[in-house]
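Consider the single chain below, provided in structure tokens and representing the form predicted on its own.
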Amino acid sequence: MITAKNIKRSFNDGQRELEVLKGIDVTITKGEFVAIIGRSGAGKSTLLYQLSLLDRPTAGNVILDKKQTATLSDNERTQFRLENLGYVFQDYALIPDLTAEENIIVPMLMKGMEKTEALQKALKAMNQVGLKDRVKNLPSELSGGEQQRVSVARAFADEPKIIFADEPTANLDSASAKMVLDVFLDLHKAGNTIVMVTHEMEYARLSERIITLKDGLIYSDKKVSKKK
């Protein structure tokens, strides 16, 4: 589902060039739940942004669902993201003036879906995250955990091929974090491909594979041993 070859990413602050990713090779198969971990500054979120087409690598190539993405224009990348990818961010990224269901349907409307169908999918997704009674609430009327579950619902409502999550539990208490991770586990059991950045090893172990970054390189890439 994802093949990344020799991914490098550098940033220039005007005085020097900082190489954050120094040559990453990784393959993620359909249906895998992969966690990316590492210390602050290791390049976790930067790698996620390259794999999810939210940023362009300085060098290297990302292939998503057999699609070569290096030559895609900005408009083509945007369309590919809308049609194939779902995103969850640590700051929820909800539009404050829209209700929960309206936030969920925005990406579907942007790709041309009829509003009636989008609303049906939004209601189904809200039910799956346990918030069917909160569809008309604004983000300000929801707790942090509820807002993040709306964000997760938005990410999977239209059944994307891959869900990318960047520190989805960073701003949540342990109870809310568990609710969000339970949703990810249910999605994984249903066959969804999930790539999650986290700084919590406890949460990373819920995945089936952990990629550890160190100084912009893959330090380890291991399957998670599940206790029976």
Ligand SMILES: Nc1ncnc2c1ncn2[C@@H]1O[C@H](COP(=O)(O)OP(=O)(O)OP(=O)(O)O)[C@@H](O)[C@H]1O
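Residue numbers run from 1 along the displayed sequence. As the structure is a prediction and not an experimental result, all values here were calculated from the model.
The same protein also exists as the form predicted together with the named molecule; that form is not shown, yet it is the one meant from here on.
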Choose from 186 to 194, 170 to 178, 156 to 164, 34 to 42 the stretch whose residues reach within 4.5 Å of the named molecule in the predicted complex, heavy atoms counted. 34 to 42
Quick one: in the predicted complex, does every one of F89, N103 and N137 get a heavy atom within 4.5 Å of the named molecule? no
Under a 4.5 angstroms heavy atom criterion, identify the one residue in I24, I211, A204, V20 near the named molecule in the predicted complex. V20
Just to confirm, T46 within 4.5 Å of the named molecule in the predicted complex by heavy atoms? yes
Going by a heavy atom distance of 4.5 Å, is F11 a contact of the named molecule in the predicted complex? yes
